[in-house]
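Read the single chain below, which is given as structure tokens and is the form predicted on its own.
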Amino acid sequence: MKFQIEEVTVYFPYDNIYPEQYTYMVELKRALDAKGHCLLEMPTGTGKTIALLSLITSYALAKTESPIKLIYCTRTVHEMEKTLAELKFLHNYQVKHLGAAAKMLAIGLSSRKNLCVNPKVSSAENRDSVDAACRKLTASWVRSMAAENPNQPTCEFYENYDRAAGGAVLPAGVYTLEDLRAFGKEKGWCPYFLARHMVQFANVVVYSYQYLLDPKVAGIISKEMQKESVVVFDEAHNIDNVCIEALSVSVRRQTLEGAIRNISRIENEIDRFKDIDAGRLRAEYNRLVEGLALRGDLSASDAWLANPALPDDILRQAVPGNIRRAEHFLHVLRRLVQYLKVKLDTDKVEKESPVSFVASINSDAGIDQKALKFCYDRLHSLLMTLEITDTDEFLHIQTICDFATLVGTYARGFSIIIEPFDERMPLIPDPVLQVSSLSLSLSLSLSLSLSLSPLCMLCLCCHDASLAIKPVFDRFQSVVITSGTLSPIDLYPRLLNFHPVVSRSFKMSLTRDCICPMVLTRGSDQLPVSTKFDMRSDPGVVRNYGKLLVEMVSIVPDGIVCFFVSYSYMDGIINSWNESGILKDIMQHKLVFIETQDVVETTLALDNYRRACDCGRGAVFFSVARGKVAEGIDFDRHYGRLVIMFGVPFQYTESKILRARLEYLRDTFQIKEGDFLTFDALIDVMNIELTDRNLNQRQAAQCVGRVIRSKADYGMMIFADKRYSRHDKRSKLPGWILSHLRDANLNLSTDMALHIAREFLRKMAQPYEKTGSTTGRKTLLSQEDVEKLGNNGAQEMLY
């Protein structure tokens, strides 16, 4: 359909539109008109992606005098491909109505691993290996040698692309990653470097969060993006966690040992160059004296990673004299690595500020702050001078230089934490040095604190999410942060330190109550259930959780997804159920599949789970609230008729990194510890259906949000923990769930929940009118309905 929102003609590729999609577009247009940033929450399954794409591309078509670029950021490659598929469908509709005037160039950009068409390179086992294999064939010095020696291997696809020069362009259209690979094979051009080249000319670019938020990647990929761009962060409920990871570094003892090997290899390379080409080292020294850390003529194939510090914090000065000579720089690195080894040789937890840590390095190792700041740039320059191609072999020393640059650059928002063991297993040594950025998200802190690996680790963790995203807010015209679970929405501006011009949360319009949330607080024996530390191992709690699942598998058709608060708790409860015979009772009704920390095993389990649901056998999938399944896998339709959240997925609150971050949020942003923990726990539980106070709510919302993926779908969600009955916990859940959570569904026992589930399933089996025209709750708008809304104002929504 085609309709007007004020002066903008919106091209929407479907015959009908949801009321919330229309109001979503209206609010989005307000933000674009104001050239400001916005926060928009709309339940998953309501067509958020196509609403975004339709409005922004139509807005660009209507504002030809001031064209805008759309930069659409996704979390995963799968989400990127889905977005590009939607955009291709929309683009075809626009071309049908406007012809050549609607032509656009839209591309997806991913790593070499996902775009390379050279079988010798793409067959490498991981991303770093693919990058290094590519560099060995495309680096400028390798190609120079090939010009003199025909036996020197190069990449034919890159050579063809380079020979085409200005003729290597993409015709107008929408290109998925597969489309780029196919086009590259057809032309004989490298699709990765072609896509990177075309990014600056494209109307729409779809890529990962890291391409904007991680300074090391953004400095290479996104530095040419124009200010007149609209940036969309989709599924951005965990964007603060991504920001933390972007400015955080982890180093184990193995990393320090690897760094020593890297330094020794670099020394050997320096000695070799002194014998065959000493002039190259002198030229580098002279360049550093002049204040040029890198040559200005680097080709795209030579560029490695940018400085890990944010653009405004990078020193525009000459490299300090004490690290200009390659030999002197390596001596500094050796002293730094030795200092870190000594710091890790401890049996007690230590915490320092960056200022005191840098002062300690200066006094004990003789390395001043300015030398630390320049470590990364100096290493990059040296590796380029030595013509190193196997960059994957130098990740250890790169990590050390990342750490040095960040700790030398930032005085606030970071802390240095040394943990010699995991606090939950104090007899197992696990030295961890952690530099925590106090403004970044808690997510990284959690993942580090939950690591049970006995390997020693050094971590630089950021606590202030606003640090990494500030350059994005400052640089681009409009930034849209959107997701199905942003509640409480007023917390994000404080976490990210920005002022949105529009901040709205939308409800889902439904013709029937197809969502049935329940809060179960006790078993059939009336004993309370909870995963509180003092209750989680209680045999009565374990038994009641098992009986709940046994009862539900006997009446719920198709798939059931169960989320636990941690891997260790899931393992323990499954073992108890197996010993007591509960697991056998469950498997009499449905097959059981379990998520593990191994990606291959989990992928296989998910595939077999879907096959069991498809054939009518039905299945139960056991997962973890903060695991991979909770974040990115949809259990729509018959794959997920019920989600059970066993407990409240609070973070491990004794983690020193988490405690440091909570203190920073309290002191800097006046965010109470309890509010933040609850927010995080509950939001992630929600996303399983639709897509520990505050932190816990985020995790809970993520989980339950994976079941309802469209309005034609239906599903139940059970919050099995007595703490969910408390209003202060429950109120942090997204509004679209709270609107369906009736008082009668609170404080339930197992038999009461069973009765409600039976009634709900019986109701869902009845035919219904999908548009809502007969019920007075119109949920599907026609062209005529939209025109009326345009005339009467968007507030006249028929929910």
Partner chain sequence: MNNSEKKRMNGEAEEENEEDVEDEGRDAWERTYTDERSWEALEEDESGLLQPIDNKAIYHSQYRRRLQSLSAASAASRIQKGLIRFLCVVVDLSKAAGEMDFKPSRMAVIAKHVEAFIREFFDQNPLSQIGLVIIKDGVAQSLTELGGSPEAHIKALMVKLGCSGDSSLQNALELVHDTLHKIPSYGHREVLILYSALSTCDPGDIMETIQKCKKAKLRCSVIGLSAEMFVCKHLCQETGGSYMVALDEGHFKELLLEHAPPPPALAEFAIANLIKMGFPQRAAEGSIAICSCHREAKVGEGYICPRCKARVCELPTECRFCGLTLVSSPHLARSYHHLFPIEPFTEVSARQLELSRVASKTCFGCRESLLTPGTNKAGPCAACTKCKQYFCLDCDIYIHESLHNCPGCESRRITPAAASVTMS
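Nothing here was measured: the structure is a model prediction, and the numbers come from that model. Numbering follows the first chain given and starts at 1.
The form predicted in complex with its partner chain is left out here; the points below concern that form.
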Check your understanding: in the model of the complex, do 554, 589 and 755 all reach within 4.5 Å of its partner chain through at least one heavy atom apiece?
Key -> yes
Review point. Tell me, which of 722, 135, 637, 341 has a heavy atom within 4.5 angstroms of its partner chain in the model of the complex?
Key: 637
Exercise for review: Note which of 26, 761, 68, 38 lies within 4.5 Å of its partner chain in the model of the complex, where distance is taken over heavy atoms; exactly one does.
Suggested key: 761
Review point. Does any heavy atom of residue 641 come within 4.5 Å of a heavy atom of its partner chain in the model of the complex?
Key: yes
Check your understanding: Using 4.5 Å between non-hydrogen atoms, is residue 63 touching its partner chain in the model of the complex?
Key -> no
Exercise for review: Consider residue 714 of the chain shown here, and say whether it contacts its partner chain in the model of the complex, taking contact as heavy atoms within 4.5 Å.
Suggested key: yes
Review point. Residue 512: heavy atom within 4.5 Å of its partner chain in the model of the complex?
Key: yes
Check your understanding: Heavy atoms within 4.5 Å of its partner chain in the model of the complex: which of the stretches 377-385, 609-617, 172-180, 243-251 has them?
Key -> 609-617
